[in-house]
Every structure is written in C-alpha cells, then in structure tokens.
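Shown next are two forms of a single protein chain, provided one at a time as structure tokens under the names structure 1 and structure 2.
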Structure 1
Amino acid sequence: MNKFMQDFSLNVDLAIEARDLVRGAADTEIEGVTEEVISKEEIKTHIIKINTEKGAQKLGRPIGTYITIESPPMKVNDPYLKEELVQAITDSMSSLVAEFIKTNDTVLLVGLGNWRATADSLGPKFIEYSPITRHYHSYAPDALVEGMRPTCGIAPGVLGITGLETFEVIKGIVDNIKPALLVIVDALAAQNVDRIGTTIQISNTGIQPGAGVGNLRHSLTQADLGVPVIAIGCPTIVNAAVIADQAVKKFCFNTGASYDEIKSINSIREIVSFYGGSLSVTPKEVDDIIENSSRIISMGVARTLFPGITVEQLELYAT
C-alpha cells in the first residue's frame, strides 16, 4: 500500500479505492484484476475480481470478488432509491452466495463495531434490523412462513460482551452451531468524504486484521472459521490525516507549490499526534447515515436469504 497510509498505520478498506490508489492517474487495468461496471438509474455497481496472487499483492487484499455499489443520493433517505438499493445488494450478494447455501441452511449474521460510538455502530444496527428465525425453528415452527431458513445474529461490540476478542466469541459460536454461511457487516473507513453513506462493498473474502473502524485482532475468514464468509461494509468515516493530505495536495495544485509526501506526512503528524493520529472525520448527519445504511443492508441481506418473503412478513422477525 502507499507510504502515506503505512506511515499513519491506516488501511484502505474499499477495494475500489485501493485499485484507484494503485492505478493512480493511469487508467489501465492492473494485472490479475478485472472489473465489470453495471449502471442502472442512480446506482453504479463495480464488480472487481482479484484473480491472481500478483493482483492480490498489488491491491493488498486476498484473491476474491469485491462488489462496490455506489449511489451518491443514498445519503438522502429517499424511499424510492431505497428499494433499488435493496435489490442491488440482493443481486450482488446472491451472485456470491448462490454456490454456498441450500434452502434450509443456517446463516449466522455478525455485526461488528462499537455500539456506543455512532460512526462505528453500523454492524450492531444491522443485527437489530435483521429478521432472526433460528429460535422459531426449534420452539415455534408454526410461526414461520414456509421456506424461512434459520438465521441467528450477534453483535459482539454491544454492551454485554466485554473483555473478549471478537474472534473468540464468533469462533465459539460457529463451532457450536455450525452455520453454512457467515454474513459480517462492519463500518469502513474511506479515502474520500463523498463515499461516506453513499457506498456499499460486498466481498467474499472475509475480514482481515486491521480492517474496519474497530481493531479486530484475528481474521474472520473461511480459513480461520471453517465457513464461507460474506463481508458487507459501508464507509462512515475518513481519517483526518487523509483529509489533511488531500487539502495539502489540492493547495499545492491550486497555488503551484510542489507537493512533497514526506513533508506533508510530517506536517500532518504535528497536528494530529495528540491522540496518536487516530482521528476520524464524520459528517454531522452520521447517525442518520448509519440508520439509513443499516436498514438498507439488513433488507438486502434478508431478501437474499429469504427469497419470496415480503418486507412486512420479515419485519415481524426483527429483534
């Protein structure tokens, strides 16, 4: 990854931004990486595939598929766009999970993140809004519409789990209930403010240490958990150092001064050092953005996992 991000110990969470950083101004495709773009009304879907180990090294993430759904008007809570976004998530996720799960397989939903820090609460909110049916299967099967698979959920960062690593909790549950699939939702950091609340990434490669806003210390991947993992993320912050560097670059461009990466890093470090450089930038509307995104993602996931069941029916099974 690039020097700036390394120096501030930052990750590039979105594959599409990693690709843009690697490619720079050049518009040529990276070796071992392919992209397909689908535009439909106000939504653009990029399907980026890392096909080779070389591509993986270049983009700093595992071989696999990374789907990015972009829609700037998503930041406004528009009821008409919502339906289209839900369908876009469903289509994307279906393309990734079709091979893994059969009709009655159990799915474990995981919402990462800190419930008490607004920008990091996307995952817990996702769990709150998702239909949960596994307990009905055991104790009240009649209350289920025909064909509803078992789902269960956990948000390890919600008050109520403490002093435990996320991995320890998830691994323990996976070993006990043996789901066919994990769907993990987490808040991400973006490189650009415009991506906050307007972008959703769906990948089939799980979550590696250091990804996301939180500080996960083990990977949540098929290799470590023994179960396929779909990770869905939505940027809710940009690191303050990234924004400051953009401002310096833009100022240099606008004034004709020459940009110097090392000097920019050092200048920014002086300003952001007090809290160890870990400063997040969020829009004032961050609680609305989280509310909106978590509902849309939970509806998209639900439509994928419970095809043919209506929204009204599913609502009865939310936590």
Structure 2
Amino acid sequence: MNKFMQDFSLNVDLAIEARDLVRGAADTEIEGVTEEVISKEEIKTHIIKINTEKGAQKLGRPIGTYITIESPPMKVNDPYLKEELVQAITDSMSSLVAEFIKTNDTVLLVGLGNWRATADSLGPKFIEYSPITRHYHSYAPDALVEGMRPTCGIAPGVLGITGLETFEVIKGIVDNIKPALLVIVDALAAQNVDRIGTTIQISNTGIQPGAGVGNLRHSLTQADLGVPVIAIGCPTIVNAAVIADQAVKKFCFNTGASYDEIKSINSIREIVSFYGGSLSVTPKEVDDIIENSSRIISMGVARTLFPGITVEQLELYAT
C-alpha cells in the first residue's frame, strides 16, 4: 500500500481499488491474481480472483472472488438502467452461490450499518426492501408463491446503539436457525469520489465491518460463522484526506507544479488532525443514493434467491 494510505491509516474496501494501488503506474497483472472484464453499454463488470496466498498478501484481502459492477449513471433513477444493474447483480451473485445452496435452503440476510446515519444506512434499507418469507413457511404456507425459499433478515445496528457486537448477534442467529447462506450488505468507503453511488462490490470472502472508516470489528466470514458468506457493498463515503490529496495532485498537474508527497501529507494532516484524521465526506444527495442503491441490491439478491418469481410478487413480501 502506498505511503499516503499508510500515513492516514486508510483501509481499502474495494478490491478493484486495492488492485490499482498495488499495480501503480505499471499496468501488469499481479502474480496470483486474475481479472476478467465484461463491458456493456452503461455497465462494466470486473471479476477479480485472488488465487494464491501471495496474491492475497499483495492485495491485503483473502483468497476468493471479488466482483465489481461499475455504472456512472447508476446515481440516476433510470428504470431501464436499474433493470440492467439488477440483472448484473443476479448474474454475478448466482455464479458465487449456485454450488452450495439448494432450492429450499434457508438464507439469512444481514443489513449492517447505523440506520440513524444516512450514509451508513444502506444495510438496514436493504433489509427493508428484501422479501422475507421464513415465517410464512411456518405459519401461512398457502400465502407463498410456489418456489419461494425461506429467507429471514436482520439489521443488527451498531455497537454504540445496541451495546452488542455485530458478530455476537449474527453468530447467535446462525447457531439457532442454521441457514445455508448469509448475504451481508454494508456501506463501503471509496478512495475516489467518482465511485460514490456508482459501484457495487460482491465477494464470497465475508466482510469486516467498519474497516473503511478505521473502526475494525470482528470479521464475518465462513471460517468464523460456519456458513458461506456473500458480502455486498456500495461506496457512500470518501475520507477527506483522500479528496484533499487528489485536489493537490490535480492542481499540480494543471499548473505544471511538482507534486511533493511528503509536503502534501503533512499539510493535509495539519488540516484534518482536528478530527483525528478520520473525517469522511458524503454528498448531499446521499439519501437518494442510499434509496436507489438499496433497492437495486435488494432486487438483485431477491432475483438470485427466488428465480422465476416476478418482481411484482417479490415486492409483496418485502418488509
């Protein structure tokens, strides 16, 4: 990781950004890492696979598959584009879960984040718009559309509100209901303002809540929970230090001035030190971004878990 990221103790949530940081100016593939790119008119999908421990060490994340769906117009609530994004999520997620869930297996949906903070409410909103059916299987099976598996969902909140670690809550539920799969959705931190509300990451390696804002909690992985975990996220914030450094670089490029990394880091640290270096920024339209992205993700996950069920039918079971 570069000096700037290390000095400000910044974690990289997106695998595609971690790859770019490791590559630097050299556009050569990283040993132990492969990438496939699928381009469509408004959507580009990057499938990054970390295949070896060496590749995992270089990118600073576990061996596994990381799928990044990019669409700059995603912030606009366009029905046509929304359908394409939902299908991209469905295709990507299906490729990750097909081998280990059967038609009638229970799936636990988890929406991480603080519902009181808009930029961190992606997870709870995801649960709000997701079809929840497990209780129907027990108490009103006739009310279900044929072919609907049991799904249950929880938005466990954050430690500062509940006094409970997210891992404690999820582990307790997993041990009791024994789902075949966990799907966890959380807001992410980006290293570029262009990614806010325009990027969705899907991975099969679990998630470490709070990593992007330097507030590491217990990881939620198959190794710790005992069931496969699919993690999905969308960037909603960028660290202020990242924005400041990008602005300095842009100024130097436009004016022909030489960029001095040490002086830039020291100057930025002096400004953001009042906030302990953890000042994060989100756009004023973040409420629209959360609303749009949570609906897209929830429908993409629903279409994966309930193949053949219409959108209108799925929406009837949303909480």
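One-based numbering along structure 1's sequence throughout. Just so we're clear, the structure is a prediction, and the values are computed from it rather than from any experiment. Under this definition, the rigid core comprises the largest set of C-alpha atoms superposing within 1.5 Å between the forms.
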Note to self: form predicted in complex with another copy of the chain is structure 1
Once the two forms are fit on the core, has residue 258 moved its CA by at least 2 Å between structure 1 and structure 2? yes
Once the core is aligned, please say if the CA of residue 249 is shifted by at least 2 angstroms between structure 1 and structure 2. yes
